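Below, in structure tokens: the form predicted on its own, a single chain.
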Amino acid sequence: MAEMRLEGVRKVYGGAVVALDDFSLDVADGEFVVFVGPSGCGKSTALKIIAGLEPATSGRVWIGDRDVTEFAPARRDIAMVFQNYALYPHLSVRSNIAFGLRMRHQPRVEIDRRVQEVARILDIESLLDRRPRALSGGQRQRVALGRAIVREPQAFLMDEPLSNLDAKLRVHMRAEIGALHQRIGVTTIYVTHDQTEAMTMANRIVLMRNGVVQQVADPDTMFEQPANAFVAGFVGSPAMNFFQSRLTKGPDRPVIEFGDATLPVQLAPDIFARYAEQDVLVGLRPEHMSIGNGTHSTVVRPNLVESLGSERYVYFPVPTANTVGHATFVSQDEDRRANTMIARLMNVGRIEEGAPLPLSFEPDRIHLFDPASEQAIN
């Protein structure tokens, strides 16, 4: 096992397309770090640079105490698990797992011992004599993991390894990979576009956008304290609601208006002085609303209700004149004329579309962002 470090890594294609810009990161020994972000954000490029499959335009890559920036992939002592499994179709499961050890000319007895041990860990002992075509998707994924584990590398790099599986199997394999990491403790970097995978598997998440790291944090911190509106909108399902409201002085705390509700917010005095009597971008998560006429509540009229058994997704027009609506993320060049919000309500009865519905809010869970930079201000 080993720690990893990236120092100011930059990758430019064709002299103009910046895939990574000043990417710096320290990964602790035994840590499970997930790179996540939308397609084209640079997460797979970063992984390939760590693996040595892509050269960095500038910057350095360290694995353990070695600067491996100029090393070929074979000299970096890492193992990769790919999206398409990359199994040899003409070889048995046993031979696929053992392939890397044979290329290193390990003794036959040692190869057999390690293959059997890995097969036992992954519960594929009964599959060792089958060919890949006789395996299910989940079984092939286990074999691909086994081929990586058997080498006993310093680190694992996984590039969207579950994206080809169906939803139910993906959840199962997610849990298996997490349990496997706890058992063997090898430093792991995992790439995905699925924020649910990132939130459930990672010790720390690296959220990227357009080649730039937006935030590095553990899942709870990233959910509760997003660095900017993009992070806030990307993490969480359903995504955070956004709208604009004027920040004014209340009886004892700053307040924003939301329909008939006046919602107090937490702000340091110097921050409030900077934004007082100005519009700010407000973020409110769907799960931080509930049915009721509380101190902080307003009445909305749902235009769509989705039932998911124990919960309801309730869509309603934003009850303010100055809105930006519900979105996966916001940016300065996005169309902000959408005017729909969503509430995620748990354990409630039938809700009629078009009928008045009182909603209460949790003021301490409100997020405020600078409307120009979209950086968090509270």
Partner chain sequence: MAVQTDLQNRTERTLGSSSWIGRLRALDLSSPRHADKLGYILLAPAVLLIFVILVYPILLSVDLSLQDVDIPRIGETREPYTLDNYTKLFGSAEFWRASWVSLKLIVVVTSACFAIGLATALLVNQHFKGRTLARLFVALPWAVPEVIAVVTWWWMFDSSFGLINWLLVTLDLADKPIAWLSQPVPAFLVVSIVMIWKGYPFVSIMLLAGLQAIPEDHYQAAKVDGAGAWQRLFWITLPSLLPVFGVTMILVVLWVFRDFAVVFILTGGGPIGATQTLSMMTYEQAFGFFRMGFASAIGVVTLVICVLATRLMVSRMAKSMY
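Positions refer to the first chain, counted from 1. No experiment lies behind these values; they were computed from the predicted model shown.
What comes next is about the form predicted together with the partner chain, which is not displayed.
Within this chain, residue 107 is remote from the site of the partner chain in the model of the complex, having no heavy atom within 4.5 Å. Looking at residue 294, you'd find every heavy atom of it more than 4.5 angstroms from the partner chain in the model of the complex.
Contact check for residue 344: no non-hydrogen atom falls within 4.5 Å of the partner chain in the model of the complex. For residue 223, no non-hydrogen atom is located within 4.5 Å of the partner chain in the model of the complex, even though that partner is not displayed.
Only one of 80, 231, 177, 281 lies close to the partner chain in the model of the complex, with a heavy atom inside 4.5 Å, and it is 80.
Only one listed stretch (302 to 310, 113 to 121, 167 to 175, 147 to 155) carries heavy atoms within 4.5 Å of the partner chain in the model of the complex, and that stretch is 147 to 155. Of the residues in 69 to 106, those that come within 4.5 Å of the partner chain in the model of the complex through at least one heavy atom are, in sequence order, 73, 74, 78, 79, 80, 82, 84, 86, 87, 88, 89, 90, 91, 99, 100, 102, 103, 104, 105.
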